[in-house]
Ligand SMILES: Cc1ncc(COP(=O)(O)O)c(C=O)c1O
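One chain is shown next in structure tokens, namely the form predicted alone.
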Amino acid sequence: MPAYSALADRIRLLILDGRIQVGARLPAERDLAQRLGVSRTTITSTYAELRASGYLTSQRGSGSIAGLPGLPGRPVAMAEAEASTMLDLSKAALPATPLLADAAVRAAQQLPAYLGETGFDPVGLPRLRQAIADRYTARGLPTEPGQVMVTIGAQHAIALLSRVLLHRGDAALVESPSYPHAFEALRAAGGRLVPVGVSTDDGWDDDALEQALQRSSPALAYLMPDFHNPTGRVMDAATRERLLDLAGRQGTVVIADETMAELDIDFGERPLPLAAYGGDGGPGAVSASTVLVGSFGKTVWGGVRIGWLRAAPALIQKLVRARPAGDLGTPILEQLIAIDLLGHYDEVLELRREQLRRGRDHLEAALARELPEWNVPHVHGGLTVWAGLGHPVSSQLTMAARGEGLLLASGPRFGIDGAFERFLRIPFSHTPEETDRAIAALARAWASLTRHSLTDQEYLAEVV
């Protein structure tokens, strides 16, 4: 395609991925042309194409502003029609567990007992906090209800912790790649992100982890030690111990995102929850400076907005005092649903493990058949594979896949400042029929790229 159309596609993807925020001002044509080493005519044509498709508006005195089709003043019919026909693999999530409907009925029957109260619950129903504490205890981490706070999902917990623990300019250690909405929450609180690499081959780089902690003395570290998103790796016990020892010396609060922690597929022996490795007693000792974040979003359903965090009681009290600035509490009905489902949680997880085992095996077979040149690591849990493409074309491929009716999150969505163009996250949480349709579309999109020299197109990756 013409250079201006290729560049327009890349900028569209940056906007769709949220890496260019809606309402952000794009560089002036002359400045961008100089930065990319192309003619100003190319940039003028690029911006004209973006304006025609609804991704850019020009305002006198304000320059070129990023937007999305369907926002006020833009046609919505095309965007709505496109969304209704797309197969969406941009989210790593499952449909609702079959046990949810009956649990909701039973919870509704209990609701009248709570209607005489105000309904504003900033910390969580005592019965739910006890059930969550019991779950941690069963996993090998003794926990009391006073160490538990119920939130509106894991993302709410991460954002609340960021607001309380970070001051503007504080360093926040993060994995790279990692969960992009955690990056957003940390940045919104004023955090300065300090990345540490995680790979599908070697997992966490222990030496880099130590250097980052010692050099930046981060106020907090956000990590996903169990079935890491997107690589699927699990942090071993020795790294957990070393991490908490180093963090303790630096005064760093470690936030462990456990939203994937119990989605193991192959029933291998997994480490204890991260907080069990703190203190002087080794495994079994409880770290007061480690916060665990959990959620029903991946195991039960994303539509049940229940999450929680496990932390020292003193930190729980700080969080409760800070919470009203963002929300006034967790819905009572959904907490009652959560109490019911925790009573059947082993059954919920058993169904999920079988579902994910079939999905993973089917996806691996489909990728080996249709895209054998890709490097697809075998994962033992979680919801995704982090496929290596062999070329820095993830953003190009994602745009080509949209033309085939498939939505995907490009590799750089999970990095900082455009890294991971050689990778693509693919969830295996869909039905075999949906997976086959997705991989067929992905193979067609890949073929459309490989018809041309990938080496000749690699320069496009550098603008992301």
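The first residue of the sequence shown is number 1, and the count goes up from there. Everything numeric here is computed off the predicted structure, so don't read it as measured data.
Another form, the form predicted together with this ligand, is not on view; read the next lines as being about it.
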Using a 4.5 Å cut on heavy atoms, which of 160, 260, 132, 221 is close to this ligand in the model of the complex? 260
Given that this ligand is left out here, which of 329, 232, 153, 359 has a heavy atom within 4.5 Å of it in the model of the complex? 153
According to a 4.5 angstroms non-hydrogen atom cut-off, is residue 204 in contact with this ligand in the model of the complex? no
Could you confirm whether residue 394 comes within 4.5 Å of this ligand in the model of the complex, counting heavy atoms only? no
Does any part of residue 295 reach within 4.5 Å of this ligand in the model of the complex? Heavy atoms only, please. yes
So, residue 323 and this ligand: in the model of the complex, are they within 4.5 Å at any heavy atom pair? no
Residue stretch of 205-213, 191-199, 266-274, 221-229 approaching this ligand in the model of the complex, non-hydrogen atom distance within 4.5 Å: 221-229
